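Quick heads-up: it's one chain on its own, the form predicted alone, in structure tokens.
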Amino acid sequence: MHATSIAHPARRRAQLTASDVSLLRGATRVLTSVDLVVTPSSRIAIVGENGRGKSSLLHVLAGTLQPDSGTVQRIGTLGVAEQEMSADDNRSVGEAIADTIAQPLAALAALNQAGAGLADGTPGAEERYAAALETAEALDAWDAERRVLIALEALGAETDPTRLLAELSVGQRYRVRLACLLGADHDFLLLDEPTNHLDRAGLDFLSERLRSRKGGVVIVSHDRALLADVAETIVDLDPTQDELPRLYGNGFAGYREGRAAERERWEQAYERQQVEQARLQDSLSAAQNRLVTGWRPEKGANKHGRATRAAGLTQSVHRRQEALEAHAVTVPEPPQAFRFPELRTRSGAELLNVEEATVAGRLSTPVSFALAHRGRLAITGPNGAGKSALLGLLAGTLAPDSGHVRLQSGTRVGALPQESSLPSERRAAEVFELHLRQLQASGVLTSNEAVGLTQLGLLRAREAGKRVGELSMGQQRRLDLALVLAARPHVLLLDEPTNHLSIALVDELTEALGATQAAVVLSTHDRQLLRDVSGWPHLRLGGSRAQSVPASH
């Protein structure tokens, strides 16, 4: 985390402009023709899958990475918070704060010195005092330290000025440095995944501070709640039909609507070209077949007739070949759409019944609830309250130390764990096929119920052919989800299901969970997901007893 400064904040004159910026990493084009204007009132979010160049664009805007083409103009001061924090910083918390507000402190010192000169009647003291006062006011210097201390408290950061940053955890260091930047009052803040390492109170403070600050904000984030609360413009770096980035106005809602419409147009254009390509190919094949068999005249026909017919058929083939070659498929293959399989419900009053269940050392709060077919339940609570342990009880991987968990006979349960345990050396397709064979061999699944990996729209064929260890975290998470859905469960248990998944896939999954016939239990800290399922009954863990909250209306 660092600050790049021009002498004084530019305030209303501040502007950050990227024009036709492109960036290569080796032979791979990371950014293509990016145009972006950031003003003091801007609230801009940069989104996209891992590896799409989000952090690179932030560094290009900051000036720490030079684009291969295009220009960036900067007027004003910048504060930059990187996602990855160095552990080599030997400063203390107090020194970090002092460095952050060095300009305001220097301005106050200069003002005091000018004031002393004014009192002594030093020649030119009035001009020096007026200039020092103007600088101090521009920097809001008197309030600088208080702003940082408020941010430290609100983010739950270390406030002991003698503590060394190198002695703090990654999360603690990040909170200290983020607090310093929030208190520094730069013209622009550039933040890379700023919600990492923050609790609920810290997230709320960050959202409020980013909304209300005087300067512009550019954030890279997968946090949909932060996008919904703060962003007014969203830059989408995910693949598009013409390979150019997209800018969406009207905040997160506008991004969702615009992206859905964009993908629909893309899919329609691709389908039209595929249909025309298939038509031309069929026409060519038919002409080639006629050339092979159709030109032969009936027995007794003269040689001239036979030759004339052959020439005409040959020309027909050539015309169709030229038409096929001229109709190149120019629209790239659109993104995959997630296809949630049909999960059937089971009749009966209760699929699951939990009574006063606890797990020693993991779930100390006695939990009781019943889940009927098509039931819904969201489990919330602080870390360590036992959410994952409760899901383990429901999945049957944990046994209660007191109370009981009863599952209706014949009910299939599918559990998505928070952490993946996939075999890294096996290919994704092999892992999935082996899982299907085991389900069929054990009688859980019939051959008619089996669904192919690529049919789910979670991994493409080329990704399914890779070893698990070669897949990104997001792709591994997609494979985990595919394995769960392959069993077509009657009860679906999801532990932090949005981890490592793209925004588009999370939206598709959320919609599917609302519509599926299966019963669904999920545990999450994802604020936007909790908003999306606010109509579900909630079970909050962490007190002396679990608190059940009925569905809101």
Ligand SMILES: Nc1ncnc2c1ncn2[C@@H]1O[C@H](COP(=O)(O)OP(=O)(O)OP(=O)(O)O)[C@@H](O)[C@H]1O
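Note that the rigid core is defined as the largest set of C-alphas that superpose within 1.5 Å between two forms. Note that residue numbering begins at 1 and tracks the sequence as displayed. The shown structure was predicted, so the numbers you read here are calculated from the model rather than taken from an experiment.
Absent from the display: the form predicted in complex with the named molecule. The rest refers to it.
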query: Partner contact for His500 in the predicted complex: the named molecule, 4.5 angstroms, heavy atom; finding: yes
query: Close approach of Val444 to the named molecule in the predicted complex, 4.5 Å, heavy atom; finding: no
query: 4.5 angstroms heavy atom contact with the named molecule in the predicted complex for Thr510; finding: no
query: Non-hydrogen atom contact Gln277 with the named molecule in the predicted complex at 4.5 angstroms; finding: no
query: Stretch in contact, per heavy atom within 4.5 angstroms of the named molecule in the predicted complex, of 34-42, 515-523, 488-496, 50-58; finding: 50-58
query: Heavy atom within 4.5 Å of the named molecule in the predicted complex - the one residue of Gly202, Gly474, Gly414, Gly375 that qualifies; finding: Gly474
query: Proximity to the named molecule in the predicted complex, single hit among Glu470, Glu355, Glu350, Glu257 (heavy atom within 4.5 Å); finding: Glu470
query: Threshold 2 Å Cα movement between this form and the one not shown at Thr233, rigid core reference; finding: no
query: Core superposition between this form and the one not shown, C-alpha change of His222 at least 2 Å; finding: no
query: Flag for Ala138, CA shift 2 Å or larger between this form and the one not shown after aligning core; finding: no
